[in-house]
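To begin, one chain is listed below as structure tokens, in the form predicted alone.
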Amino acid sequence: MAFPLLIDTDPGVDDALAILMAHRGADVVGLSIAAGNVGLAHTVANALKLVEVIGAETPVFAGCPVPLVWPAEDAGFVHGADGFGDTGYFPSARRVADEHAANAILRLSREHAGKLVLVALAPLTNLALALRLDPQLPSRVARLVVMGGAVTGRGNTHLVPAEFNIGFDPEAAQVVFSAWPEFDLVDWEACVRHAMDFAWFDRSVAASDARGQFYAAISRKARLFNEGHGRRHGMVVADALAMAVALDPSIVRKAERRHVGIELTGAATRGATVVDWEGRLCRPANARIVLEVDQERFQAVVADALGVPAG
């Protein structure tokens, strides 16, 4: 039986793949949307379009348009100015729900108390706001899976140690990391290690159905960015890896539990993920850091989401 799953997201090309995957393996009860990869107007429109392409009735909740404290730059240079590769797709006829994303997170956590899996693929602004409204939120969520951070300081922003989602809103990340007793962390470095071979990715989208063809179009710009920026191992689809972990925890081959915090003030390190690898702070572990997954099983889930025929 499919479990209830809520996705906090900022679509985004890799978010789109994760959302396709989720609708094949869970009961997706909502998409709560934040600004991040691009501005909120685009991320909401992209979410609505994805729901339409999938043919689902998943509600879309618009959330925070800016970080909690300081402004941040988006990643339109990777995903396209509209977040979907500047494909010029026809806008969806769907409409956004009349409820703020933070309120929707709280309501859905009550409706599915003890069963809800929450997957955070965006900057953590919506989730931090929900926690400030109701600090008891973690007690009602069965699992939280976060895509974010760079656990040994090899980030992907202009601040070298910072990963994009955390770097976009470090204060929100600190609110979440300090309040949640335990969560799964799928960091940027793990995502790079589990990149999908370019040739495999190209064959998969070529063999896919209408969902996959839509994904092929919106991901074309990101595909070229990956190949042109030294990612020799292949296509990095970070949010898809986090979603694979959320859908099937047994896919994880290696993980370590450690205490994780966020640097907020360093001129060169703001947004860095600080992992107490040696236990020097004597604080309880709050994160299960995913270090390795079964790559074959991960890619099989991706292929299924794209509509690639089995066999």
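Not measured: the values here are computed from a predicted model. Numbers follow the displayed sequence, beginning with 1.
Separately, the form predicted in complex with a small molecule exists; it is not shown, and the next lines address it.
Quiz item: Quick check: do 121, 147 and 156 each get a heavy atom within 4.5 Å of the small molecule in the model of the complex?
Solution: Checked in the model of the complex: all three residues contact the small molecule.
Quiz prompt | Proximity to the small molecule in the model of the complex, single hit among 225, 188, 177, 215 (heavy atom within 4.5 Å) | solution = Looking at the other structure, the residue within range turns out to be 188.
Practice problem: Mark residue 169 yes when one of its heavy atoms lies within 4.5 Å of a heavy atom of the small molecule in the model of the complex, and no otherwise. | Solution: Contact check for residue 169: no, nothing within 4.5 Å of the small molecule in the model of the complex.
Practice problem: With heavy atoms only and a cut-off of 4.5 Å, decide whether residue 164 touches the small molecule in the model of the complex. | Solution: Contact check for residue 164: yes, within 4.5 Å of the small molecule in the model of the complex.
Quiz item: residue 173: heavy atom within 4.5 Å of the small molecule in the model of the complex?
Solution: Result no; residue 173 lies far from the small molecule in the model of the complex.
Quiz item: Should residue 238 be counted as a contact of the small molecule in the model of the complex, where contact means heavy atoms within 4.5 Å?
Solution: Yes, contact at 4.5 Å.
Quiz item: Pick from 135 to 143, 111 to 119, 89 to 97, 156 to 164: which stretch has a heavy atom within 4.5 Å of the small molecule in the model of the complex?
Solution: Among the listed stretches, the partner-contacting one is 156 to 164.
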